[in-house]
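Starting off, we have a lone chain in the form predicted alone, written out as structure tokens.
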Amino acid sequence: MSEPAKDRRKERLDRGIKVRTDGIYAISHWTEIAYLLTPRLLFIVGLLLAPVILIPFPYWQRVLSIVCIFALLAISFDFLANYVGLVSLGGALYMGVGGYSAALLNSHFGLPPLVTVPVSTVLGGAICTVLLLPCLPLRGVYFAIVSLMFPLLAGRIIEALDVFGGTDGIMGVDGFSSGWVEQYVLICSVLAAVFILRRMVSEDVGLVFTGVKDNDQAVKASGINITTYKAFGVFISSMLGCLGGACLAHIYMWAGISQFALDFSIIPIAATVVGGGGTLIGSVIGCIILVPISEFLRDFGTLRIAVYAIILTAFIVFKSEGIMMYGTRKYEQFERWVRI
């Protein structure tokens, strides 16, 4: 028979390994190894097995590809906002530049998709960085507003001057050789982006990024060129977005003005809020939740914007830290009943 509730209280404790190390692991038992590896393996293996699980549902295999593209954009936004201190609403610019670059390289120079994607990633990242370079002294809402203007401006210029196919876009772009190549290129790109950036932010360059975000004048007083580091952060962020745009051009076998649509700027921000900013992985989790919801609500047209608003409001009010931070805190603690 259990003890009366009045004679007990609930005690919450941190797991021992977290208390002892907090990032530097001194592992002494297989249970601690399992504790550290389980969430990481679930994330990696889950993404890698997703295309296989979705074999009976080809439509959702394509949705998985779109999830990965938005995940790249969300990681890009999360990194730039929470590690460099630049809130960019220019995700649509990255998508458009990456998509048009891949389409032009493929249709005019005959390069295959597995060549155009990496080339467009680097080339598009360089183009976006040069465009945003004059805006780097701006911070906060000012940089956000200016970065939002670029995709709007790019779409209107292409339409007005009738360049790059005008409103019809660039057609006849080659697709990936198979759906498997498409999905695993994107999945491996998302995994690589998460783990490379997590490694980077823990190195010296990550400390400089954090310093620039928290107090750029103090970093500048130390003799470090903050503009160089901001430009480097924008280059990394824009490369991720251009990678997604290049893949999208080959998935749809077309590149057009719609790749500058504001959805590519708004949904990554929403995913970061839902998943948890400053975690990188949380941005991916947010996309895994929001993009399928968007597909379910496609028949409702613009009403899905209202659903997004409700979801964001709920998370900001009740779980402002995001799913990832909440889940991490719960995972690193356990509760037990003890006698008073």
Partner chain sequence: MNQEPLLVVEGVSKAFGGVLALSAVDLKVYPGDILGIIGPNGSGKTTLVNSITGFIQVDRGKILFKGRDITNMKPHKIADMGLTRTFQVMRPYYSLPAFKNLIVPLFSPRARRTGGWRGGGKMGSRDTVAVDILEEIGFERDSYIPYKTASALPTGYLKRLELARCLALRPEIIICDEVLSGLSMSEMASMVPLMEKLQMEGITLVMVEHRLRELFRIANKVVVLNFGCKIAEGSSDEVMESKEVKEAYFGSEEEVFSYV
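Note that the structure is predicted; figures quoted are calculated from it, not measured. Numbering follows the first chain given and starts at 1.
Beyond what is shown, the protein has a form predicted in complex with its partner chain; the following relates to that form.
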Within 4.5 Å of its partner chain in the predicted bound form: all of 46, 55 and 61, by heavy atom?
no
Just to be sure I understand the contacts: of 181, 200, 224, 126, which is the one whose heavy atoms reach within 4.5 angstroms of its partner chain in the predicted bound form?
224
Of these, 207, 163, 171, 192, which has a heavy atom no more than 4.5 Å from its partner chain in the predicted bound form?
207
Verify the contact flag for residue 196: yes if a non-hydrogen atom of it lies within 4.5 Å of a non-hydrogen atom of its partner chain in the predicted bound form, no if not.
no
Taking its partner chain as it sits in the predicted bound form, is residue 229 near enough to touch it, meaning that at least one heavy atom pair lies within 4.5 angstroms?
yes
Is there a heavy atom of residue 104 lying 4.5 Å or less from a heavy atom of its partner chain in the predicted bound form?
no
Wondering, does residue 175 line up within 4.5 Å of its partner chain in the predicted bound form on heavy atoms?
no
Determine which one of 94-102, 108-116, 72-80, 214-222 lies within 4.5 Å of its partner chain in the predicted bound form, judging by heavy atom distances; exactly one does.
214-222
